[in-house]
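Given as structure tokens, the chain that follows is alone and in the form predicted alone.
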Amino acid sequence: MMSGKDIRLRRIFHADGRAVVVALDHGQFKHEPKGLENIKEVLSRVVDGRADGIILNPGPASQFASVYAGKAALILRLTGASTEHNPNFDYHRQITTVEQAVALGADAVLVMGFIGGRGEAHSLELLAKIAGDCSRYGMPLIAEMLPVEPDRFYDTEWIRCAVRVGYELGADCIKAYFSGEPAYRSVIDSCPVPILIAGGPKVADPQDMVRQALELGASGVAFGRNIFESNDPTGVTEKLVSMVHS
């Protein structure tokens, strides 16, 4: 018998076990990020590109449901409340509940987990608490696990630690940076749940990064800036979908 989590996860991951997710939640911490000035328009364009899922904050998720409903799975961000002007960026709070995610028709929720900064203990405690709420409501939990120190963002050792912690605290899927090293295979092997590669800053050739990550065992991507900052969000999304699901 399939659980509510299983049913919702199948709306995000294809039969091949892979997914292309587009993160459009940056406006919660960065004032009008480039490419997201008109979030309804870019949302429409990535949906046209056949993204499997989209990450949204509660406001856009509620206001623009007609754009994505029945076309792309909704992944609702549950933590944040910390802007680019806050010197303690890693000290996130819970901004909405799993119960509200259910009311909005979400297929999963996303929670941040920080490693190595002042906010580490608080973020991991919050992640574990929300994991319990997700179990009660049959809601899949995606943990975005990030080293805080910029010089550790793409450090395989730190990423492996972050990913494993997210899994151990109850995440059903992990969003994490890709180091670009063959040793990243150890990150995949240490984590029994799917890993979606986070894009980070816009790069010249995101497809090359995706190709490497898939070869090492990643289950897909969760890109933001590499899609919505491009001149053709629909085209970039289509190319990623083709690569990930080929």
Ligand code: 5RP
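None of the values given here were measured: they were computed from a predicted structure. Just count from 1 along the sequence shown to find any residue number.
Keep in mind the form predicted together with this ligand is missing from the figure; the text below concerns it.
This chain is displayed without this ligand, yet in the model of the complex the stretch 174-182 from 212-220, 174-182, 39-47, 60-68 comes within 4.5 Å of it by heavy atoms.
Note on the partner interface in the model of the complex: the residue among Gly35, Gly53, Pro194, Gly199 having a heavy atom within 4.5 angstroms of this ligand is Gly199. For Arg225, a non-hydrogen atom is located within 4.5 Å of this ligand in the model of the complex, even though that partner is not displayed. In the model of the complex, at least one heavy atom of Ala23 sits within 4.5 Å of this ligand. With a 4.5 Å cutoff on heavy atoms, Arg77 counts as touching this ligand in the model of the complex. Interface residue remark: Met112 is counted as part of the site for this ligand in the model of the complex, having a heavy atom within 4.5 Å.
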